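Single chain ahead, by itself, as structure tokens, in the form predicted on its own.
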Amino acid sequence: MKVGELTYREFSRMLALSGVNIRTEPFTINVSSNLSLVSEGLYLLYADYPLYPEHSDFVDFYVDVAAPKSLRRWYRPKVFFSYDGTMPFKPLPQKQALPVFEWGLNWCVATSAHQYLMIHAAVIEKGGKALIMPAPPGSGKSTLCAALVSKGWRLLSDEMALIDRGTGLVAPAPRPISLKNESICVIKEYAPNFIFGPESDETHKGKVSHIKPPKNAVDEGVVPVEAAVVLFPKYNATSETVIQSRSRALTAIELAENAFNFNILGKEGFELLTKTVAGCDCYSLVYSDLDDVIDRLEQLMCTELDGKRASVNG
């Protein structure tokens, strides 16, 4: 059964009582909440995700996003995020409840899922190959990720590249795409068929809204992908599209700086990172026009795929 196959009343009741087990590949989350902002947001954005039985054999993360039960809930209402019974963050304004869930779940993965080398990056797939886009906040990474997904690229993740320590492949972890401030209006105009969650104002990132992942991203969430390209994007409103090759050595250094658990994995993490980069072509990108940059990236990925086939075919 999937989330959207329940009625909203059934879903919100389960969420408020024992919680629901949602499978967001490659993890199972038990999430509970007594807030309508959370139940409405999850019911909308996670409609295509599988539900696991209440007493599932294994759950990766138990999280609760809730209002306090004291009288304080009526005075400057707050929202608390708890993970396995502990609260890693200070409470935030209750109107930010849905982003708090997404940020909190990102934190759970980043601090726990050490079966992967985890890199802060968006990852999308074209033709069976992954494009990894690491970038600092404000670079336009999520905007470009959303635009590519709107043109048929498969979403693996908007937040992190999970590189499997056993296979070296990128494990899909598709969840809602987070957009901020002006990017929300840009993508609403560029991709009017996208389903957006509610907007949350005055967060530490400004205005935030999330895009429901396409159904194919959820349905194909168990299919890992080989990394082919690492691309560092940067939005510049006055620039033409410029794609330049960059060294693998510099790329590896910057990926290590963007990795959540590079130090924890030690030598194995270094070897996995360098092996991944050695198998990729690496670029920097400056862009302003979404149509133009998408055309250029389509051509780039086609060239990559043709090049791989040519080398395989001798």
Partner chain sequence: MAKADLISQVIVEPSQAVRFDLEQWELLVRQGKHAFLLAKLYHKFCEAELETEILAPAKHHFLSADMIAQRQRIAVPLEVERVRALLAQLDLDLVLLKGAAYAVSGLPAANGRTFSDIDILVPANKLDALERVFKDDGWIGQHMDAYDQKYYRQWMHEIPPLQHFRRGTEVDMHHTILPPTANYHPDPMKLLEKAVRVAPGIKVLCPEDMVIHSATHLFHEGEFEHGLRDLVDIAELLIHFGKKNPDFWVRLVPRAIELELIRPLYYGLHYARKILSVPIPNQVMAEVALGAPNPVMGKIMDWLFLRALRPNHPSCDLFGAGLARWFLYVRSHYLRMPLYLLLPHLVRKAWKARFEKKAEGIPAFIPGEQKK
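Given the structure is predicted, the values throughout are model-derived calculations rather than measurements. Positions refer to the first chain, counted from 1.
Note that the form predicted in complex with its partner chain isn't included here; everything after this is about it.
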Exercise. Closest heavy atom of residue 260 to its partner chain in the predicted bound form, within 4.5 Å or not?
Worked result: yes
Exercise. Looking at the partner-bound form in the predicted bound form, is residue 250 within 4.5 Å of its partner chain by any heavy atom?
Worked result: no
Exercise. Do residue 86 and its partner chain come within 4.5 Å of each other in the predicted bound form, heavy atoms counted?
Worked result: yes
For this session: Give a yes/no on whether residue 90 approaches its partner chain to within 4.5 Å in the predicted bound form, heavy atoms considered.
Result: yes
Exercise. Pick from 207, 188, 165, 95: which has a non-hydrogen atom within 4.5 Å of its partner chain in the predicted bound form?
Worked result: 165
For this session: Heavy atom within 4.5 Å of its partner chain in the predicted bound form: which of 243, 223, 169, 110 fits that? Just give me the one.
Result: 110
Problem set entry | Candidate spot 78, 120 and 268, all three touching its partner chain in the predicted bound form (heavy atom, 4.5 Å) | yes
For this session: Report the stretch among 169 to 177, 125 to 133, 140 to 148, 98 to 106 that approaches its partner chain in the predicted bound form to within 4.5 Å, counting heavy atoms only.
Result: 98 to 106
Problem set entry | in the predicted bound form, residues of 129 to 147 near its partner chain [heavy atom within 4.5 Å] | none
